[in-house]
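Alright, here's a single protein chain in two forms, structure 1 and structure 2, each given by itself as structure tokens.
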Structure 1
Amino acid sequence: MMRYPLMGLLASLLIVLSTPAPAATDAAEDAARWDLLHDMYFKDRPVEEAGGRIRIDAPARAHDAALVPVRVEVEPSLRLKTLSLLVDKNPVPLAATFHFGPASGGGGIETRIRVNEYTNVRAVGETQDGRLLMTEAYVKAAGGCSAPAVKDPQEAMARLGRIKVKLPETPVAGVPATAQVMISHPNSSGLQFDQVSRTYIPAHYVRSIVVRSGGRTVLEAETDISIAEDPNLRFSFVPVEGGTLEVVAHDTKGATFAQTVPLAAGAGKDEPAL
């Protein structure tokens, strides 16, 4: 999968960020930023308003800028090919792109993001025939990317890479069901400053998560630093009789974390990651 040229993007965004603008031009500024992001991530492809077919549920004012829950609901008939989640004013705006596979149950996705300043959060869905549909929500929160979110670093390091999968009690083969995947990882943004060492804590984050049901792809996610510590995904999948749900994640230091759980009754308890 191709990675976007983030440093160039970061540089151009910082220029926009550093341009002071009076409050009256907020709407114009938001529009200008979206133009920039549109160009950066979707080139010259037209992006349409989703008009209710895609909805974002996010708190208008976040309680913890480093852990903002976001749910994207997608009309099931849309059968999206991909779904991208953007946080306009974050240093790296593209939080994640989800590529849905044949074992996806359709619908949307729920995750947790960091929010660095008052910003629009956008979901852009790509349909099977290549149309781009967008919706947005405004979230008031600040400081989420530089916030020292890890409350207990020793515990976090001891737990790093642990994967927990929550499954429905009694999945029925062929009937879409909801699963939740949690990956214990500091997801360090590279923007957190250590005052004793006078250095930024190096970026160290989960960059991909792949989920398969009975060997078939549910989703492949490319993830970045706008995803909160301990990446957490809720999604719909199609269970297979006697099958398993398999999770494989990679981080920026080259580590691989994996976990496979059977769908049988009593499944869903977490076991040590491989």
Structure 2
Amino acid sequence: MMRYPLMGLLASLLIVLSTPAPAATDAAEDAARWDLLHDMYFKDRPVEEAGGRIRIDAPARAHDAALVPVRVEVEPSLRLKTLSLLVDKNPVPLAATFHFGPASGGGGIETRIRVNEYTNVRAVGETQDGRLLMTEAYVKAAGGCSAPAVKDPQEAMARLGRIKVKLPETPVAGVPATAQVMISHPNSSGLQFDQVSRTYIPAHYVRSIVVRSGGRTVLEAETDISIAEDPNLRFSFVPVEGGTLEVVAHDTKGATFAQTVPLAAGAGKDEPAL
């Protein structure tokens, strides 16, 4: 009399065992998505695991999905030509590509990104000989691309394009130093909803940033909507005796913003806040 219930139980068990576990399904979906992004941004070029030569530091669970801090560290002996930062599941996955110039002090970068849903965040570095090295971190966050801006729209437009540069207290010519560039800009993603007009706010964001030290290129950044409001970059550069650090940014409406600060002790630290 127990035969048929037992057979039903075994059949149910077989179904459960043959169904992919959520983790396995997620891993397969992540791999498929990366295959698509690989083809989209790097074509048929092989991408190797960085194996510690490039490291990415991002919060496992972000406090604010619209302002997720990301730091990419690069082994000192590894000179990168470019560094691409991707957020796999964002509407525009390629957040930024950084091209490093002769005045760069190293291929590391810090910035803040938007994260739209649980996703891998990847850093892909291109070496001087053309190899591509990748590292990744998994970030739990949601809604970052459609989250309302922190600043009041009128305040944001009043400060539009204001650039603040932070330099070390005593930069030494020829010795790599760290600088921080902050640009006041709403970086509207086009996915944010205006509760007053009941319409979507048009996309309006910084699309490029160029930094030079004494006229020599430190980095050139191509950026998109996955970079957070008020773009913020921290990087290494090589100071020039008696030189300056120059920053030029362009946005999608054709506006150009620029700032030049002298490479003197404490320069830039007392500028007004953004």
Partner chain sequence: MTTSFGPDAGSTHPRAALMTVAAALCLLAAAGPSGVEPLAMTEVAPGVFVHQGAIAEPAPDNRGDTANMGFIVGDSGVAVIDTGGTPELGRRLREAIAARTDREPVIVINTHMHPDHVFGNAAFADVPIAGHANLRDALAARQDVYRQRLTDELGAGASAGIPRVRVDRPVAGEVRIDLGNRLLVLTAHPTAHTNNDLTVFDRKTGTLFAGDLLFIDHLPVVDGNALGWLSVIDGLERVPAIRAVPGHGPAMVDWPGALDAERRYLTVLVEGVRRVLTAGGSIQEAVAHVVEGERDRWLLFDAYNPRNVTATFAELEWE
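Numbering for residues begins at 1 and runs along the sequence of structure 1. Rigid core (definition): largest C-alpha set, two forms, superposition within 1.5 Å. Given the structure is predicted, the values throughout are model-derived calculations rather than measurements.
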Properly assigned, the form predicted together with its partner chain goes with structure 1
Return yes or no for Asp129: a CA shift of at least 2 Å between structures 1 and 2, with the rigid core superposed? no
Taking the rigid core as reference, does the Cα of Glu169 move 2 Å or more between structures 1 and 2? no
Could you tell me how many Å the Cα atom of Val196 shifts between structures 1 and 2 when the rigid core is held superposed? 4.3
